[in-house]
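What follows is a pair of forms of the same protein chain, given separately as structure tokens and numbered structure 1 and structure 2.
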Structure 1
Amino acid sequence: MGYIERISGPLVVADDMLGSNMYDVVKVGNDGLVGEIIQLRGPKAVIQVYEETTGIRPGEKVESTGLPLSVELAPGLLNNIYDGIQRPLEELRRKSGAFIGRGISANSIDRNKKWKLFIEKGVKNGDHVKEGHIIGYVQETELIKHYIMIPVGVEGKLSGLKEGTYRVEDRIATVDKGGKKFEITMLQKRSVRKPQSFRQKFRSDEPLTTGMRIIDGLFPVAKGGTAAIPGPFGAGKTVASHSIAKYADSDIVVMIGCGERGNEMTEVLVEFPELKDPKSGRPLTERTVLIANTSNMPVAAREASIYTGVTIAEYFRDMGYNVTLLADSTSRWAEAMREISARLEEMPGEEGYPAYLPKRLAEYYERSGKVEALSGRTGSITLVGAVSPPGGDLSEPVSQGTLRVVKTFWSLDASLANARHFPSINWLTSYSLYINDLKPWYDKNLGEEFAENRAETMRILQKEAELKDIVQLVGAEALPDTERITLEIGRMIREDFLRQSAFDEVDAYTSLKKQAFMVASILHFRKQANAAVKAGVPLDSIMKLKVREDISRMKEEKESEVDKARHRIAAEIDSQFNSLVREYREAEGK
């Protein structure tokens, strides 16, 4: 046990701490504030404290637990809300009221609740089991089976396993290796700083469907991939993150509110319990873990919240689930590191951030991926990080460090947001490096024309941007009709396909099948328009066709009506263009 020598905000220097280890959790002061050792200097330990340090004094005791910062993993994780160091906020509220008192602790997992344990098929007493081996499961929610795995470092002969009702700390089995026995419970603890081991990592070859057309249709992210959503204040990062959390086709969602405003997290906490899972109709919280660490909470806990979230995600990945982890925002996480680094008096890097910022960003995003876990099952973690560059300046260190490691970049544009174009993802500055990896999946499930139409759509949008610069100089009337068609088709793509309402019951989510139909219809209209212009039909007559209204209303078509709408609109395009060309030729006497 040591004592406090110096206090600097969330940083405390303790003396007489010989025998302590890096990243040990400690209890600081008479109130027992939770902290973590981040630097050792002989008998002195530098501690980042995860609670408000106001009022503690030099000379108060500091006690090391001898254990690293860890999370508790067991049935009861889902449908729960934690702070940055996995303290359950609802339990803390019951203990201290609306404002969390200092030194208050609570078990992350309810120790009294009983769970019905079922033995996994093919598992029996006498089997030789290793770490990660699945021996049973609990039906944690209607949507998710919570699989019970042998803890890391345990191997041997299984005995004493039987079905029944247990608390998370009750012994459910025993593993014996050479006379050394390990008691197995449903509760595990994992260090948040150390990535969980796995057997092998695979290439990400399946898209994560989000229901957002500009993402799925133009800039997809793979399951097990990485993505960044950078943008200035008010550009729609939070709305985009919430939409992905609601509609992404993942099994588990871990959402981290890292340093965000309290009102935004309140919106999530109020809205999510009322949302229905689009697949099952059950409450979305039944497959969601929320970590709320708002901007008014201690800065050191903000730094830990990212690691808490990704460790929980790894746990569900090891069960064979596809997990989506959303961190909003990593800029606030980096700011927490900058503050701690400054108090450590470390040599600052660019804009005051620590020199190791790019390394920390890379280490975090590298915990994504599609893997064969120790359980033998295949699972994935898709990491999506929102970035909040000051003034939207993407040249600042956090944005640049993120861009070096992620493979999908959704660039939010304030001008689009101001023009009420949502999602305000700029199609000219965004990109995805997963296109080639995902092409075989698209070809198999949506047909080869899907990838071809995506490429053609991008060419049209890029050409439209070039033509708009010319139009500003000479006017649209100076352009040939074929290029005026490109301008019009570009506008149709932007307004009828890319623009989407997150608050409309039908438009909020669009399946890949419907997206393919919408793009194909617009490109089919373009093909017929070019043919009609070549036949001599005036462009103004083409733009007055009634089918254009049908195309603009495609987003209102319900998923159950997609097939009917696809055939109807395609037939209408052909019919109306054929009639238009015939009428023109008759009028011209041809």
Structure 2
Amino acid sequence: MGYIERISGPLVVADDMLGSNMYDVVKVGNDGLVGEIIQLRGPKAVIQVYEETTGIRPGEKVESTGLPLSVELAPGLLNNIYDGIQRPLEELRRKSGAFIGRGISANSIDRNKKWKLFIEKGVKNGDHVKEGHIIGYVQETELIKHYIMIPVGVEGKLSGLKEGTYRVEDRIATVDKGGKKFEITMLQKRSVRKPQSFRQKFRSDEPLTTGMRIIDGLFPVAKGGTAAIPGPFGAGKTVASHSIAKYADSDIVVMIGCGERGNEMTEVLVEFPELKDPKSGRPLTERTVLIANTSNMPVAAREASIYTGVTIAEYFRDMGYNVTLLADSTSRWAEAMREISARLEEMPGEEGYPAYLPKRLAEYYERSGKVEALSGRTGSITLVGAVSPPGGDLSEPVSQGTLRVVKTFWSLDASLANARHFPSINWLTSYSLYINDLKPWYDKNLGEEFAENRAETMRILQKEAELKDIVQLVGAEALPDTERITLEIGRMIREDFLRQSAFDEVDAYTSLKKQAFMVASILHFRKQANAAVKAGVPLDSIMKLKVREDISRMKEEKESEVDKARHRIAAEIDSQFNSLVREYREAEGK
């Protein structure tokens, strides 16, 4: 046991700490505040403290728990809202009132709740089991089966496994290796700083469909992939992340919120529990873990929350689930790193951030991926990180460090939001590097046309932007008809396809099949328009065609009507252009 020598904001230097290890969790001061050793210099330890340090004094005791910073993993994780070191907010509030007191400990997982355990098919006593091996499951919520895995480092012969009703700390089985017995409970702990191992990583070759057309249609992220979304205030970051949480085809959502303003997180905490899972109608929280740092929580807790979140995500991935982890915002995390680094008097890098910022960002995103877990199942973690660059300037270190490692970038644009174009993701500056990896999946599931049409759509949007610049200078009349068609098709892609209301029941989610139909219809119109112009038909009469209205209303088509709508609109386009060309020829012939 040591004692406090010095206190500097969230950092405490303790002396007499020989025998403790890096990353050990310690109890600091008479209140027993939770901290973690982040530097050891001889008998002295530098500790980052996850609670407010005002009020503690030099000389007070510091005790190492001898354990690394860990999360608790067991049935009861879902439906929870935690702080950065996995203390359940509800429980903390119950114990200390509206303002969370210090030194309060609360179990991350309810110890008294009883769960009905089922034995996993094919598993029997006498089996040789290893870490990660799934031996049973609990129906944790209506949406999610929580698989019980053999904890890290345990291997041997399984015995005593029996179905029944258990608390998370009850013994459910024993693993015996050479006479050394290990009691298995449904509760396990994992250290947060170290990535969980797996058997192999696969290439991310399947899209994470989100139902947002600009994402799925133009800038997809793969399951197991990484994406960044910058968030100028009011640009639609919250709406976009709720939409992803709600509609993305992942099984589990882990959301880490580091609010800059106190009320921002409150918004999420109030709104999120109201969201419903669209498929089942059940509360979305039944497949969600929320980690919330309000602005009045200490910076160190913010730093920890990122690791807490990703460790929980890995746990569900290991069960064979597709997990989406949304971190909002990683800039707050980096700022916490900066503050701690400054207090450690480390040599500052760019803009005062520690020189290891890019490495930390890379290591974090590296924990994404589609893997074969130790359980033998395939699961994935898709990491979506919001960044909030001051003034929207992406040249700052956090944005740069992020962009260097993520493979998808959804560029939220304040000017689009101001023009009420939502989702305000800019189609000219966003990108996805998954297109090639996903192509075989698209070809197989949606036909080769899907990828071709995507490429064509991108070309049109780029061409449209160039033409708009020209129009600014010389006016649209100066352009040849084919280019005026491109301008018009560009507008149709933006208005009729990309623009999407998150608040309209039908429009909020669009399946890939419907997206394919929408794009194909616009491109079909374009083909016919070009042919008609070639045949001499004046552009004005093409613009007046009634089918354009059908196209602009495609987003209102119900998913169940897509096939019908597709044929109807294709037939309309053909017949309206045919009559237009015929009328024109007849008029010319006269």
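Numbering for residues begins at 1 and runs along the sequence of structure 1. What we label the rigid core is the largest C-alpha set whose atoms superpose within 1.5 Å from one form to the other. Remember, predicted model here, so these are calculated numbers, not experimental data.
In this comparison, the chain shown as structure 2 is the form predicted together with adenosine-5'-diphosphate. Comparing the forms between the two structures on their rigid core, the Cα displacement of Gly320 stays under 2 Å.
With the core superposed, Glu274 shows a C-alpha displacement of at least 2 Å between the two structures.
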